[in-house]
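Read the single chain below, which is given as structure tokens and is the form predicted on its own.
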Amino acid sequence: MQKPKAIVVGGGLSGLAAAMALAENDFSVTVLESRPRLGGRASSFVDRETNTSIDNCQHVNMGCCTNFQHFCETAGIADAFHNEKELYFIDRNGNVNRFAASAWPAPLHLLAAFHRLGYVSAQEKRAFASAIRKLARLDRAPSPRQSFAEWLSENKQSSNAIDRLWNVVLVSALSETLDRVDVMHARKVFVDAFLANRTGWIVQIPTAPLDELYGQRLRQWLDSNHVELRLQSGAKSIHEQDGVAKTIELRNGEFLSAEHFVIAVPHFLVPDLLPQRLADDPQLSGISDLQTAPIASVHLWFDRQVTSLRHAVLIDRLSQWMFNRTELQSETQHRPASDELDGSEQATFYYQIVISAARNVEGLSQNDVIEQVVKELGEIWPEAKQARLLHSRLVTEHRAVFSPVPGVDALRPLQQTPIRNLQIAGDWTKTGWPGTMEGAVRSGYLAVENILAHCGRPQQLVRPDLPVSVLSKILLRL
């Protein structure tokens, strides 16, 4: 019996998740990707001066992201993530605040670490705890138009607590300023990551460049499961006949046919791919109103080690996260020690600084941003003042995520389009999650669930969330 054929448009995480799920369920799968590499926004490119493969932005996972974890385990790349069970928050004075869980069950497991934070007062901590409890008990937004910044003001959060507690978590997680964050999206971050389960907050950082994970290694899985991958194959539009999607036209004029189609591209590219009659469909009309937020990364190569920490969260600075790429990738890539180098080689130490919600740097020159970031590192680590900067570059992903503005979920479409055999996928679709890798993978799985149901083989592919602890149910009514 011939396998049903499915075409997935887009080689980002949502498209890859859909392709893998289809292949595992005995479909003949073709993936069309317009670029010469996989991964979408989670990709890398080679810096010619250093010959280093650098990520367009640092993508990390968290313990609460059960579907992304399943995706990595299926693809055989889960071993390329390092679990950070202790986080390092560095305040304005350079003090390192270590943040790790105690033996208590959730939601008390991080209480001691929270109380040890030295850059907020005891009164601010009490107010924060009260607001967290109230936020966790919300079952819907107080108002669909209320921003989280307004909610915090109503709940008596000081500007210092907003800047040093709420901002630190949410701007990193959602890449938006709090005046552009939906209350329930903020709740989702805090509940799933910090309150429901004691492992939800653990940060997982890749120890290899993203092009190795989602390119070389994941491609091995696709090849072994007979998924046809066509790079540099941009799609132009889906064509339907009698209410059924029949073919997809490529930009080179080629037509491909299939029984099922999944469009897994950024939301601003979707309208041009859809059949014309769907342009004004009420279910899809909100797509054009979705907004995006930028993320910037500063890549720095020094002639000596600035810090041995694998990561750090930087408080009250333009720089938000520091990732020590040399240290993180030392497990998977051999880096010669300085005494192993011959006279023609220069020891280099590579650090990546991430600035989320990066609209504040878009009007600055690359040199201005790099200069400020290097200055901040020198204020924290004296070694950075002594180090010689060998090379640097600024990379900005201008449309890194969709903005979780108040009421945004009303704009996000379901994966099922009005055409039965046409699905859409992406972190911007309705997944119950913000614009994250977890949301992207969930969308791919949800699209394939629809396809399987149409084929008379219903199956739940989306993995369950981490179980909520008994104490969290009692104390926070989760």
Ligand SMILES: Cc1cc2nc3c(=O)[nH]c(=O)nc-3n(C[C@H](O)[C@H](O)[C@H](O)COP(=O)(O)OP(=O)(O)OC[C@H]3O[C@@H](n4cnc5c(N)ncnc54)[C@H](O)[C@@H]3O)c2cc1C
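Because the structure is predicted, anything quoted here is derived from the model rather than measured. Residue indices: 1-based, along the sequence shown.
One more form of this protein exists, namely the form predicted together with the ligand; it is left out here, but the text below deals with it.
Heavy atoms of S53 never reach within 4.5 Å of the ligand in the predicted bound form, leaving it off the interface. Proximity of S233 to the ligand in the predicted bound form: non-hydrogen atoms within 4.5 Å are present. When contacts are judged by a 4.5 Å heavy atom cut-off, A42 counts as touching the ligand in the predicted bound form.
Though the partner is left out of this view, L414 does not reach within 4.5 Å of the ligand in the predicted bound form, counting heavy atoms only.
The partner is absent here, but in the predicted bound form a heavy atom of L32, alone among I424, C64, L446, L32, sits within 4.5 Å of the ligand. Shown without its partner, this chain lists E327, E240, E397, D91 as candidates; in the predicted bound form, only E397 has a non-hydrogen atom within 4.5 angstroms of the ligand. Heavy atoms within 4.5 Å of the ligand in the predicted bound form are found in exactly one of 44-52, 427-435, 22-30, 448-456, that being 427-435. With contact defined as any non-hydrogen atom lying within 4.5 angstroms of the ligand in the predicted bound form, the contacting residues in 9-38 are V9, G10, G11, G12, L13, S14, G15, L32, E33, S34, R35, given in sequence order.
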